[in-house]
Structures are given as structure tokens and as C-alpha cells.
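As a starting point, one isolated chain is supplied in C-alpha cells, in the form predicted on its own.
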């Protein structure tokens, strides 16, 4: 026979003791009453009254046990939900790191675009110092269009980078709030366990 785990012991204890209302004592009293009822030489009326009391006590114990089992199952579902949320957070963090890496690449690209634009500006100034020619004008027009395209690309990159920064800030705030919620839940569970321990020792 395998060793009984702590979870199984706690679960059985909860099923017996219910929500801490003393169901284990109620069961002990019920057993004593049943023994007394079996051996009682009293009248049938007294026996029936005691029998009805035992049925009422048994119904209370069954109700508490069912309620405790529902709470236990609900806690299991909450734990599963927290695990899903944690996995989702891990996935979001990984995605955020990837987006940050992508933004860094876009920044490097924007820097290259700026450097190229400065070189194009310098080249345009050199070209303008030469006598006007038809071919030179065509080249200047082409360079101007390219500069406009590069400027538009840079504006898009800057806007996208700013959006990523805002999204990442919102993600970090959400993670911090969830971590605080998890810590509060854990602290609350620990406080509840500490409060139940003295009650069980006193019994």
C-alpha cells in the first residue's frame, strides 16, 4: 500500500471536519447516539424521536461534506486557471522580448537611413555646385524622391517603435498586478491555514 500524501490527508480531514464547524465531533456524537439508541430500553416514541435526531445530524454532516468537496473542486479549478494565466504570461514575456529585439533592429535600420540621408544631402550639395544639365536634374529628382521615401520609412519606424514601447509598458504593468494578486492569494491561503491549525489543536 502506497504512502498517503499530505494532500490526501488534508482532503480527508476537510471531508470529515467540513468548514471547521465541528463535523468530526458531530459524527462522534452520532455514533455514540446510535450505540445508545441500539441498546436503549426506552419506549418506541423515545426511540423514534432519537432516530429522527440522528437522521438530522447525519443530514447536516452530509451537507457539510458536500459543500467542502465543492470548495475543494473549485480550488482545483482556480489553481488550473492560475497555471494557464502563468503560462500565458510567460508566452507574452517571450513575445515581448522578440518584439523588443525587432524594435532594436528597426532602430539600427533607422540610423542607417539617417546616415544615408545625410550622405545624399551632401552629394546633392556637390551636384548643385556643378553646371545645370538635364541628366543632373533627373538624378537630383530621383534622389529627392528616394529621400522622401526614406523619410517616410523613418517616420513609420519611429511611430511603430513608440507603439511597441507603450504596449510593453502595459504588459509589464499587467504582469506586476497579476504577481501582486498571486502573492496576496498565497498570503491569504497561508493565513487561513494558520487560523485553522489552532482550532484543530484545541479540539
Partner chain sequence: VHAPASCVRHLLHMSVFSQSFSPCGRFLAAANNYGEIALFSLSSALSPDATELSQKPILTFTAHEGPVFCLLSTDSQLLSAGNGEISAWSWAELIKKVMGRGKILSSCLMTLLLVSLCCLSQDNSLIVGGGDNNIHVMDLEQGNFKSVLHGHTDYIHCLSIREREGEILSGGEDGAVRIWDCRTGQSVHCIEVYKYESCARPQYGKWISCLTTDSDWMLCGGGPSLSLWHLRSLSPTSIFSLPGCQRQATFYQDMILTVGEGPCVSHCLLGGDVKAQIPCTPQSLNTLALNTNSTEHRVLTVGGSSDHIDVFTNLSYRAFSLSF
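Please read all numbers here as calculations on a predicted model, not as lab measurements. Positions refer to the first chain, counted from 1.
Not pictured, yet referred to below: the form predicted together with its partner chain.
Considering non-hydrogen atoms and a 4.5 Å limit, does its partner chain approach residue 77 in the predicted bound form?
Residue 77: no contact with its partner chain in the predicted bound form.
Does at least one non-hydrogen atom of residue 99 fall within 4.5 angstroms of its partner chain in the predicted bound form?
Looking in the predicted bound form, residue contacts with its partner chain do not include residue 99, since no heavy atom lies within 4.5 Å.
Considering only heavy atoms, tell me if residue 126 and its partner chain come within 4.5 Å of each other in the predicted bound form.
Yes - in the predicted bound form, heavy atoms of residue 126 and its partner chain come within 4.5 Å of each other.
With the partner left out of view, is residue 73 within 4.5 angstroms of its partner chain in the predicted bound form by any non-hydrogen atom?
Contact check for residue 73: no, nothing within 4.5 Å of its partner chain in the predicted bound form.
So in the predicted bound form, are 180, 187 and 191 all sitting within 4.5 Å of its partner chain, heavy atoms only?
Not a single listed residue reaches its partner chain in the predicted bound form, so no.
With its partner chain taken in the predicted bound form, which residues across 95-125 come within 4.5 angstroms through any non-hydrogen atom?
The stretch 95-125, when checked against its partner chain in the predicted bound form, contributes 108, 111, 114, 115, 118, 119, 122, 123, 125 at the 4.5 Å heavy-atom cut-off.
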